[in-house]
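In what follows, one protein chain appears twice in different forms, each by itself as structure tokens: structure 1 and structure 2.
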Structure 1
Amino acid sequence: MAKYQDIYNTLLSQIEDRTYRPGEMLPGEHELMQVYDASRDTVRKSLSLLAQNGYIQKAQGKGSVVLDINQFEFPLSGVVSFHELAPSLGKNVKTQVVMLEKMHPDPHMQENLHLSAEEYMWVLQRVRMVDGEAVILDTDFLNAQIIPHLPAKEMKKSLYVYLEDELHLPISYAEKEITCAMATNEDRMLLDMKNFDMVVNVESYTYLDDSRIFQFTSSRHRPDKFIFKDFARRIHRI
């Protein structure tokens, strides 16, 4: 077995048995060279293989951060609420409402929600806790002309359940855009960011079945915890 593969297997075993826990740093390249009596190129090849297989994230100037191999799957297709996903995410899943305010939209939200400056929107911000860690920051901007009341108690449970069961609003479809973004001060304040300096940001525009947009959402995820999955089929040429 090649030496880089042997180092890779040893480090992988230590990650799997949680000698190195998610969010912790692996020893630096120089230390690994001494421990394994290996060249820098050999150590770098082992680390690159760990990164390629999703076990670590290399952070420039910082080293290698151990990722959580127990990641959660989030579907890309479909309109699914966090409440509906919660049973698959863990035994201890909670939602904290950190903001619920009614205000006039700024120009950006006027465009996103098709509102005038005189109309109102709701700003609903929630932190999602999974097994004691704050790993998602959801900020919803909602058309207050469509949704006149938004009780905070219900928002700890499910926005969509409230809209569909209480207000009888038929939610139909969403458009989503996924990007990586640098963590903001707000992310660092509200999320358990550990050593990560970036988030996965999912922006979505959600519509009723009459094609009215009622919601714009920015959902910011700590990058080690989530895999976004979709199903794709190739359409063959005729």
Structure 2
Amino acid sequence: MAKYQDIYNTLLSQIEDRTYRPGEMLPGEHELMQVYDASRDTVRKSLSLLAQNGYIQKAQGKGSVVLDINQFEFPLSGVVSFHELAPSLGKNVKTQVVMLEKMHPDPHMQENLHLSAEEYMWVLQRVRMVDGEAVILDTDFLNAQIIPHLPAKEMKKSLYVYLEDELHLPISYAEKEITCAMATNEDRMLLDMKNFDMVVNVESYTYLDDSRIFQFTSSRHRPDKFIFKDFARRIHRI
């Protein structure tokens, strides 16, 4: 763990446990240098990370103020798995594995995962139950050349925990696309759709450190249970 990451994690914990409350100023950079026995460069890296992720706002001549956002759950924002954010939902959350198969990709998935027809992919389908209702249908397609084994019992917990902690795969970044779609028969079979006739479809492509794609996921949500929160800084060009 690099020093600047240590400082980032410590400050983040202190923001989350309200040692530093929204509206309050963080200690200045010089003070943090002394507290953590670090150079200004290192302290500034940590603060920049906090600012990027929406925890603080920096202001020249003033200091860094703690923002009062990020106090709620941040479903789907960033590259976060369902089980990582489940605790913050504070609900009764369960996962049912509907399908787990190794197969050849069809032409569409060959393109999505950059596979040839002879190679293999995993297809993992899971239903997410919140408070006893089936409200999310996740279908994952994984490059089986990168992930040879996928134990079914692990999949009831977190795919990401298995990939990172067991396989030490360096998950790096993701592209996501959110759209609406009409509910399919599969949606109606596997989800408690009530009277809704649409779903929110979140498609994501996940990449490793070396920019290899290893996962494509379609996550279909019942519309009343869907929420996406985002924090973004404005980028001024020219």
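Start at 1 and count along the sequence of structure 1; that gives the residue numbers used here. Throughout, rigid core stands for the largest set of C-alpha atoms superposing within 1.5 Å between the two forms. Just so you know, these numbers come straight off a predicted model, no measurement behind them.
Peer 1: Of structures 1 and 2, which one represents the form predicted together with the DNA?
Peer 2: Here the form predicted together with the DNA corresponds to structure 2.
Peer 1: Is there a C-alpha shift of 2 Å or more at Ile213 between structure 1 and structure 2 once the rigid core is superposed?
Peer 2: Comparing the forms between structure 1 and structure 2, which are aligned on their rigid core, Ile213 does not shift its C-alpha by 2 Å or more.
Peer 1: Once you overlay the rigid core, does the Cα of Ala51 travel 2 Å or further between structure 1 and structure 2?
Peer 2: Yes: Ala51 shifts by at least 2 Å between structure 1 and structure 2.
Peer 1: Just checking, between structure 1 and structure 2 and with the core aligned, does Arg40 shift 2 Å or more at the CA?
Peer 2: It does, since the Arg40 C-alpha is displaced 2 Å or more between structure 1 and structure 2 after the core fit.
Peer 1: Could you tell me the distance the CA of Tyr8 travels between structure 1 and structure 2 after a rigid core superposition, in angstrom?
Peer 2: Its C-alpha position differs by 46.9 Å.
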